[in-house]
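To begin, one chain is listed below as structure tokens, in the form predicted on its own.
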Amino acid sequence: MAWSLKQAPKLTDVQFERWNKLLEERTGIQVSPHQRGFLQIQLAKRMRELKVKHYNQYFDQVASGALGMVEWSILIDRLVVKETSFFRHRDSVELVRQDLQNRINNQVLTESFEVWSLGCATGEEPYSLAMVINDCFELAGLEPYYGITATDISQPALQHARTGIYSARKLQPVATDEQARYFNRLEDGRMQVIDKLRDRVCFSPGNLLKISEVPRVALDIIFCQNVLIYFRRWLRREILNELATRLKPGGILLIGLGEIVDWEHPGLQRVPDDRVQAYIRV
């Protein structure tokens, strides 16, 4: 029987632990036992493409040498979950709008409004932020003076994000007036983010495991939602502690509700709003 038609071989306990260790060492992401089937399927699919028959053989190919790093970049794109949507958590995005609006109203916005979107996947999150930020500047009759850095470990996802092109179905969470103001309809029926938003978002590769190596920029907003759940608890704390040092006074760190429930930082206070999990630098 052709290899492409064979049933995927099962990962042994030893093989699962070996692959899991490599993934955690390189990305910080831990595959839980209930995700074992997903890992097995994705490995088997790639092995079929390469006509590699054994997990150990493929592991050796991925784990060493320059060609191994090329193969790793292909594999990691299959393994990293990229589930996202526009305005995935509208309350968190609206908190950004409220914060910026208050700064403009109180005339305390004296420099560029800087935002970092971590784990941006195919770009829906940073473009959602760009829409509400641009709204604030236009409402106040001010020239848009902001920048959004969006990072992800997946190069294909970043390439998609840079185009700003999405199916009409993807835009269902976007209000009709937002679609009219911030998207152009293409000939094939897909929608593209307008240039003035795309020009404000810089998509770059980034690995949360190496967050300390990212150039330090003072930030007004750090948006890190639905990312920390893939890391061990101690690593979540280390990442959050590092992020906290990058906030400007008054800057806000937003994470997903319940991603970590007992983290505290001496320089940050929890925003008193049960709809979001956010911390402000005091």
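As the structure is a prediction and not an experimental result, all values here were calculated from the model. One-based numbering along the sequence shown.
If you look for the form predicted together with a small molecule, you will not find it shown, but the lines that follow are about it.
Shown alone here, F231 lies within 4.5 Å of the small molecule in the predicted bound form, counting heavy atoms only. Within 4.5 Å of any heavy atom of the small molecule in the predicted bound form lies no heavy atom of T149. Put simply, V80 is close to the small molecule in the predicted bound form: some heavy atom of it is within 4.5 Å. In the predicted bound form, the small molecule sits within 4.5 Å of a heavy atom of G206.
For the small molecule in the predicted bound form, the listed stretch (99 to 107, 174 to 182, 84 to 92, 127 to 135) containing residues with heavy atoms inside 4.5 Å is 84 to 92. Only one of the listed residues (V227, L39, L247, L240) places a non-hydrogen atom within 4.5 angstroms of the small molecule in the predicted bound form, and that residue is V227. Only one of the listed residues (V201, M191, L75, L118) places a non-hydrogen atom within 4.5 angstroms of the small molecule in the predicted bound form, and that residue is L118.
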